[in-house]
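A lone chain, given as structure tokens: the form predicted alone.
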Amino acid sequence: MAAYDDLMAFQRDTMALAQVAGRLGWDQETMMPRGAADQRSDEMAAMEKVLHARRTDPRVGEWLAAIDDAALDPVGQAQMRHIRKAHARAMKVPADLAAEIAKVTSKAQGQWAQARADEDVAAFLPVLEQVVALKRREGQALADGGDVYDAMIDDYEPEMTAAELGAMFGAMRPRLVALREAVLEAEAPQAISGHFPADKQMELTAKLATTFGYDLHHGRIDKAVHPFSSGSGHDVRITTRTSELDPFNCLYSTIHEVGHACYEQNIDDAYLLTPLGGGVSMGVHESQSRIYENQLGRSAAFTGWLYGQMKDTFGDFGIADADEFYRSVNRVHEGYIRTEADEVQYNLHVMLRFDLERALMQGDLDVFDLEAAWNDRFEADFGYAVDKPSNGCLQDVHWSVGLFGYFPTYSLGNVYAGCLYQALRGAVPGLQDQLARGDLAPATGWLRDNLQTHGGLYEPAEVVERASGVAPGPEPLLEYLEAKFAGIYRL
């Protein structure tokens, strides 16, 4: 089918250019000179103009009209599902708006990083106001009179709505709060303490990355203010960060990002630079990062192996044995930072952001009231006050770069991970013994073969159900958390 072949060739070039634009973003957060921020924002805007022009090129519409999807094989039909949706979405957003969003969010990212370093919310809010206004305009264009926030969520989790997420979170919240209250009343495990040199953390980080299957021949590890994964196919990069008083920040951020990166690296090469060549949704993406980080990386079996690696790397650090180390790794503790939160409280951090950004997008919360709203909600949810902006509304990069609708996918990813882990435990004989040896290959291989290789072939809930054998829901996650932490805290 000539029209299909022509469209796919055009699509591959568009996606290759999108990868180049992504590399500009990676460079901005890792190696770009600070003084280049204004120029980079112009470069990002120029790239977005080129990409938007290709996505709305009249020939795309002509090719789409000429293609009979029913005549294609299942892979071709899946490609067309993605292309038709992306084209319809691109046609709704004016080119000048798309370019302005790219320009302003590029500049806002640098201003957020500086405001975070300076603990200066006021310096960031004016540019955030611009970002929010631009994203509202985009959401209104996409929503066609419907819910603006739903249109934004659809960019990260297709077919999901704020109402569905709100109902799911409402069902999860009472059990999470009850579990948190129970463990905080129990005797806390010993916290890790000592000095952990950054260079040694990075050495262990590289070992952990390859242990979990990350291919450094097609990737690299760098430092950034906020850890992230970038790229797809044969060039997938991750970042981490170090704190010489808290090595878990680095080690588990790395395992988390490796989960994202392995998903991208393990997609079938036949889908490279096509709509099927990336993770199908951010919820499914988060399921991989969270299952790597938590169900595997924080398990009693694996932490036993990691304890030995930590002692070899750092010497004696005050934890008596592997069992106490497991309890320390999973210690439920007061804290402000979502990325450093324990499994019990993590989803409560996400729910806070979900409600605040939904209010921002619906016009119910003014940007200049955001800090007070965040601080009030945090104290109500967690029982203590935010001590500084970098531990409050300035801690995450997402809003500066316009990722509204992204945050709820973190908790959705936890839900998916709960379903997948339930299936993985039954499907991989000897799993705990393998983890205790630091052998992640059987577990990550199961995830590769049953989910990651498919890329965007199936819809998000479908690919999780195909792998796990159950329709996605929060029950497996909640049961896993309640059983795990009842054991750790001897409830």
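Counting begins at 1, following the sequence as shown. Predicted model only: the values in this text are computed from it and were never measured.
Heads up, the form predicted in complex with another copy of the chain isn't pictured, but that's what we're talking about next.
- For the options H218, H398, R241, H333, the one in contact with another copy of the chain in the predicted complex, meaning a heavy atom within 4.5 Å, is H218.
- Exactly one listed residue, out of L272, A359, A186, A141, brings a non-hydrogen atom to within 4.5 Å of another copy of the chain in the predicted complex: L272.
- Residue heavy atoms within 4.5 Å of another copy of the chain in the predicted complex occur in exactly one stretch of 461 to 469, 424 to 432, 31 to 39, 442 to 450, and that stretch is 31 to 39.
- Within 4.5 Å of another copy of the chain in the predicted complex, a heavy atom is found for every one of W26, A46 and V50.
- Taking the partner from elsewhere, L17 is found to have a heavy atom lying within 4.5 Å of another copy of the chain in the predicted complex.
- A residue is said to contact a partner when one of its heavy atoms sits within 4.5 Å of a partner heavy atom; S328 fails this definition for another copy of the chain in the predicted complex, lying far away.
- Using a 4.5 Å cutoff between non-hydrogen atoms, G233 counts as a contact of another copy of the chain in the predicted complex.
- Though the partner is left out of this view, D13 does reach within 4.5 Å of another copy of the chain in the predicted complex, counting heavy atoms only.
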